[in-house]
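Before any questions on how it binds or moves, here is one chain, the form predicted alone, in structure tokens.
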Amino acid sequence: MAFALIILPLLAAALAVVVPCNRRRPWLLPSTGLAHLALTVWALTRPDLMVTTSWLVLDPPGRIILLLVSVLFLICSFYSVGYLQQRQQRSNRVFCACLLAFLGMMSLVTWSHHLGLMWVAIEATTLASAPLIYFNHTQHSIEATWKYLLVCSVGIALALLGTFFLAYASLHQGLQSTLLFEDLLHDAPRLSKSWLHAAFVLLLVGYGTKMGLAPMHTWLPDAHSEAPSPVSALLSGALLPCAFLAILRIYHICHAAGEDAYPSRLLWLVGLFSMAVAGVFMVGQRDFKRMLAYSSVEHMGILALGLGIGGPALFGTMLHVVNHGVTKCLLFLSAGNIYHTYGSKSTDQVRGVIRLLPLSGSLFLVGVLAITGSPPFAPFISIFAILNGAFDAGRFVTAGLFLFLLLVVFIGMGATLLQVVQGRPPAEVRHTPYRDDVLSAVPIVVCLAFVLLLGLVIPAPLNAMIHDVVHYLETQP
């Protein structure tokens, strides 16, 4: 099953290269997305399909990330068809091929149980997604693409060094050197503690760069704000959780070694720092897509904080991976409709969105309220669970700082939101021919349905999957 989920998008990407019709080619995206989701659901309901080889295993955390990646890709693929139809003057061959390859590489990340293979897969996601950021061929997009490649390349190089350190932690103790995840978990109590600590620091910095944790986040605001909206949605909602999955697996090894106190301190420190950095840059932010990018930095900090708190907050952390993903997809897609209408991301030009685009403007308004943790939306539930976990763990100062930073972010995003949705649209865009249509609106409405549903009730299958993750992380091998 792993081979099918990885190879299917790659074959579709090859087909996208050879299909000559610029108008029909984008329909490969939803077709592949539907097949990928069907295979994902089949794999999740068949335990015998979750182990392909010792290198490819779909463990409990991987199941949640794979399902999230597949669902978000399907939603964004339908939106992308309409997005590309509005840009018929530009060839979409590279866009379609790279987006499909991007899906294949993210799927490989979720299945990888060899840390070397996981490193290759995460690096491959960078190479597949870089041309997508450059799709608009502007000066800012090429700058964002180069920054993405350079910063993430440095980060992934540090992650490779950390992977070597982790292998040497076995060799130093006279054990057989291995990068298989199950072997590392089994041998974790006998690993060299000093080499394990050094490996975790390098891996946290390396994969934290791809995850967008501060201060390694510098590529993220540019890439998310300059990429096409469906690409931004996948970068934020799907790719960042893949990087989080890599950190989660390294943390699991430290926990199995009985050394979780050291990584926990680093995680909650970098988590709070990421939230603080995001809050500072969101206050007074005049670019609404850049605001959403800094929101991603904030929420990756929340995930790091939740993982650092551990035990009582793990359920909320894994739930927040899903809640953040679908909410950020809603926001970036609705922001894409706004940008297409106004031709600008600046609040100086973008005003009165509710009047000009009632549907997209309303969805953007609801999305911002949701992502800031307002009830009754999904992020409120997971953020509250993490906060409750902090109190249960006796981390009262951490919980207080968490609440304060959430307030700063709410104020910053709220101020930008009011500038965008209120007032009268500028005269030059009042008679724009663009209006919300089926392909640009229905995917966003679907995201809103998920955000509302997960805020009111957690479906039993998802609830069981998250509890499996918590049990999996807390159980000693």
Partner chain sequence: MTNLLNAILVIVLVLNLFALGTSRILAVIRTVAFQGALLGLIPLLAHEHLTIPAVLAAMAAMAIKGIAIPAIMIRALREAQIKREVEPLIGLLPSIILGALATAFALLVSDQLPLAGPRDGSLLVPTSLATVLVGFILLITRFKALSQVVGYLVLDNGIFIFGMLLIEAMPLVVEMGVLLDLFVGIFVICIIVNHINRAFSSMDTRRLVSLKE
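Residue numbers count along the first chain shown, from 1. Predicted model only: the values in this text are computed from it and were never measured.
One more form of this protein, predicted together with the partner chain, exists but is not displayed; see below.
- Think of it this way: in the predicted complex, the partner chain has a heavy atom of just one of Ala261, Val201, Ile142, Leu407 within 4.5 Å, and the residue is Ile142.
- Contact annotation: of the candidates His255, His114, His197, His340, the single residue with a non-hydrogen atom within 4.5 angstroms of the partner chain in the predicted complex is His114.
- Taking non-hydrogen atoms only, Asp183 never approaches the partner chain to within 4.5 angstroms in the predicted complex.
- Contact annotation for Trp146: at least one heavy atom lies within 4.5 Å of the partner chain in the predicted complex.
- Residue contact with the partner chain in the predicted complex: Phe380 places no heavy atom within 4.5 Å of it.
- When contacts are judged by a 4.5 Å heavy atom cut-off, Arg90 does not count as touching the partner chain in the predicted complex.
- Residues placing heavy atoms within 4.5 Å of the partner chain in the predicted complex fall in a single listed stretch, namely 167 to 175, out of 326 to 334, 347 to 355, 167 to 175, 369 to 377.
- Contact with the partner chain in the predicted complex holds for all three of Val120, Leu150 and Phe281, each having a heavy atom within 4.5 Å.
- Contacts with the partner chain in the predicted complex, taken as any heavy atom within 4.5 Å, map within 205 to 231 to Asp222, Glu226.
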